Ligand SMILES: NC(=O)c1ccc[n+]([C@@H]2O[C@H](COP(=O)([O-])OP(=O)(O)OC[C@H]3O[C@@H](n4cnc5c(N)ncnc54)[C@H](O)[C@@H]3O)[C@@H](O)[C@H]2O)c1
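Shown next as structure tokens: one chain only, the form predicted alone.
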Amino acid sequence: MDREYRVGLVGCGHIAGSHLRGWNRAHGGKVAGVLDLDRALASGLARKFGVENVYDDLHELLDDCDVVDICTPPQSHAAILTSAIEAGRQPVIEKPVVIDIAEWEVLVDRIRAAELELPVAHHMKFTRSFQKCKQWLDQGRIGRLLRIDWQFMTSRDTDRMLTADTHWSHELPGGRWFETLPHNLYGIHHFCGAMELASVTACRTAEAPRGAPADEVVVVLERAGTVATLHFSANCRLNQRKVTLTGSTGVITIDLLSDLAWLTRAKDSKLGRALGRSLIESGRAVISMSVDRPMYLLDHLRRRSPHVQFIAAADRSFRGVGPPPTPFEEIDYVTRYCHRIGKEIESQLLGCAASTS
């Protein structure tokens, strides 16, 4: 885009404020207005962020804007995205892009025909921990990547999507896990490229909440000697979000909730075993924190959140001074595998129900 462009945001719920904060800092975009089925919610958000217009109709927004930022629940994404493409407007969209693979097949052709980008808000790519991890991998700091272990351990008592009985994520294929699965798949693709789905194991206990009918799920992917496991749990009060990347010569550990990554390359030795390898690794983590935390806190004070940085990357791409924040092959991979995994979870749950009836 060779001029300042106007942005219209659709959907004024939980994540909309992070997007507006990003657009208010973007060099090329100016927020023209917001739209939500709940006009009072939209009006409150507009006042908070100094947005001039509150639209009553999607076509009104499309007529007035160049970029459409879609922050609605994913069940509505396909219809809004289709309208944006037909109007020739540049979309930005929250993940997951769609929940129906048939809708995606149609949208792929339309997006390509219209020669539009499709920035998808995979904001983890813009966290300090992910950026450090990718740099270490590219530098070969842990040798050949052998394994990725990703733990998403949450609790029905504290998880905002599980505590609400009517949250929109409950109606997704596989429930609440389908909402977060794009993060895992985008992350894996970012670190080591496309991996093949090896297996999905979905377990349902007597305590399974409505939003996670399979309250323990393990997904295994593999590629050229590298294995990745994703473990989703609704039964862990520790609220753990952790990624461990094990290589032939080292290990990278990421604490997602703290946005902290540290690298361990201690060689196995009798002395190391005597001192306690876990103790040594803990010391390395403390050293890493002492360097990393001041920068993290500075970003926090400046409100340079990963979402703000994602919007900045999309803005640079629109102005032709940077690459798209989410390459299309990455989006296509994640969308297709989310569908496959979500449907497999549902299939296993149906099988369990049939066997017990």
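In this text, all values refer to a predicted model and were calculated from it rather than measured experimentally. Residue indices: 1-based, along the sequence shown.
In what follows, reference is made to the form predicted in complex with this ligand, a form of this protein that is not presented.
> Looking in the predicted bound form, is this ligand within 4.5 angstroms of a heavy atom from every one of H27, P91 and R319?
No: no residue has a heavy atom within 4.5 Å of the partner.
> Looking in the predicted bound form, any heavy atom of D315 within 4.5 Å of this ligand?
No, no contact at 4.5 Å.
> Does this ligand come within 4.5 Å of any heavy atom of A40 in the predicted bound form?
Although this ligand is absent here, A40 would stay clear of it in the predicted bound form, with no heavy atoms inside 4.5 Å.
> Check whether R112 has any heavy atom within 4.5 Å of a heavy atom of this ligand in the predicted bound form, and answer yes or no.
No - in the predicted bound form, heavy atoms of R112 and this ligand never come within 4.5 Å of each other.
> Can you tell me if T72 lies within 4.5 angstroms of this ligand in the predicted bound form, counting non-hydrogen atoms only?
Flag for T72 set to yes.
> Of these, 205 to 213, 246 to 254, 117 to 125, 219 to 227, which stretch puts a heavy atom within 4.5 angstroms of this ligand in the predicted bound form?
Residues of 117 to 125 come within 4.5 Å of the partner.
> Looking at R141, K132, H183, H190 here, can you tell me which has any non-hydrogen atom within 4.5 angstroms of this ligand in the predicted bound form?
Spelling it out, the residue with a heavy atom inside the cut-off is H183.
> Within 304 to 343, which residues come within 4.5 Å of this ligand in the predicted bound form, counting heavy atoms only?
Residue within 4.5 Å: H307, and no other.
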